[in-house]
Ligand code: NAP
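Shown below, as structure tokens, is a lone chain in the form predicted alone; questions about how it binds or moves come after it.
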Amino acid sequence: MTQYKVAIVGAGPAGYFAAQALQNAQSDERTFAIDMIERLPTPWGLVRSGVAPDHPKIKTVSKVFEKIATAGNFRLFGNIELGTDIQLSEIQAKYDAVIIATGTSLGRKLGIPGEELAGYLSAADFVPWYNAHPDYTAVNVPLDTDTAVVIGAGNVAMDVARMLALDPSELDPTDTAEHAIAELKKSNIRKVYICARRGAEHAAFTSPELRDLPKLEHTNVIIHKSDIDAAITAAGDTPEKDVKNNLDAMLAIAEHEKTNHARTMEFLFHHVPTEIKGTAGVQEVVFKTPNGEKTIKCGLVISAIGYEAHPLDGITYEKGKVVNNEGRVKENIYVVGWAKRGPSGVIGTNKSDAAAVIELLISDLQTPKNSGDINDLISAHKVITQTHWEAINTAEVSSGEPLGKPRVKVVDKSELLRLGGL
């Protein structure tokens, strides 16, 4: 029997599904020793720091991750940063294959005047702020305005708008960061606009997310029926299934009995932002619309128009993702997930994506390397192993139980290390 060593860089869904595909590909002829390297002390990637806390069902995929992690041929190396604590060339030399699964963490720019103003944020900063990512606790989110504008037409934009527009008391039973709940409870925001450049037929929302919106107990959700009627016409007689489901869900919201809450979330289509104006901070956004120029006064603008990968030394990037050929990068390096294909699809999309890349990886395997262990390179570092992570996880869950929360997330890295026993 031949054993191959594979390193996976990044402990998010794409990384775990790549590990699962390797585990599923084991046979009487070959096995895989899998090492997952993650720069944070906590794994799970966007399932921990990206998925909206008021959608806990989506986070249950973490149970799958834990099953993968305890299958016997898997080791976690958390709190180890590629490019700082360890170099790509070093792990290339020690492993038969290296899989990049680092995702996309940088927000795309709108490319319009005013993005430098205080009060303009990317969803790439706002989402990890409310999700307790250790690197984003100090993000300044001005909530002393009555109106916020979210620019984008995907689920991230919808999550951002919903977090701003719901009554913060609805977050008490969730794992929202404690610092974010405290700030949101002081928020003056009562009106949130979601502004999309194109018509509703082009929106990248998913229909289950849309269908959840009327369930908000303290927030009016407004979609203009004229926008959806126009989108249905534009989509034609045989729209794709996803488009039809989306438009059906939006039409249901447009025709939903009107509510009269203090908080409102309103969708605006065919609104192309051209400038953000203000002196000390954001004061208004100028849009180009089919009816001419339109200005919305606001004190907070959050763009959610996509993500780009944070570059790694030794890897070539183009249009915000790793240059690759169906997952092959170069030599013994492969890429999966958003770093491979850009920020598209839902969490489950990474499963089929990873499985296809692992098939290619296996077809490329040659004589196994026998060049020592990664521990030779990181002996001086405090490494979070699976056992350490389980201690952190248990502590967070235990803290949440008396409060009726799934967990209380710890945001301080030194405290995370302490909880892990380091």
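So that there is no doubt, residue numbering starts at 1 and follows the sequence shown. In this text, all values refer to a predicted model and were calculated from it rather than measured experimentally.
There is also a form predicted together with the ligand; it is not shown, and the following applies to it.
Visitor: Taking any heavy atom pair closer than or equal to 4.5 Å as contact, tell me whether V301 reaches the ligand in the model of the complex.
Guide: Judged by the heavy-atom cut-off of 4.5 Å, V301 is well away from the ligand in the model of the complex.
Visitor: Under a 4.5 Å heavy atom criterion, is A153 part of the interface with the ligand in the model of the complex?
Guide: The answer is yes: A153 has a heavy atom within 4.5 Å of the ligand.
Visitor: Spell out, yes or no, whether the shortest heavy atom distance between A118 and the ligand in the model of the complex is within 4.5 Å.
Guide: Although the ligand is absent here, A118 would stay clear of it in the model of the complex, with no heavy atoms inside 4.5 Å.
Visitor: For I100, is any heavy atom within 4.5 Å of the ligand in the model of the complex, or not?
Guide: No, no contact at 4.5 Å.
Visitor: Based on heavy atom distances of at most 4.5 Å to the ligand in the model of the complex, which listed stretch, 154-162, 315-323, 179-187, 75-83, is the contact stretch?
Guide: Only one stretch qualifies here: 154-162.
Visitor: Just give me the single entry in D227, D175, E209, D96 that has a non-hydrogen atom within 4.5 angstroms of the ligand in the model of the complex.
Guide: Answer to the contact question: E209.
Visitor: Pick from I91, V329, I305, L171: which residue has any heavy atom within 4.5 angstroms of the ligand in the model of the complex?
Guide: The residue from I91, V329, I305, L171 that makes the contact is I305.
Visitor: Even though the chain is shown alone, can you say which residues of 346-367 have a heavy atom within 4.5 Å of the ligand in the model of the complex?
Guide: If the 4.5 Å heavy-atom criterion is applied to the ligand in the model of the complex, 346-367 yields only V346.
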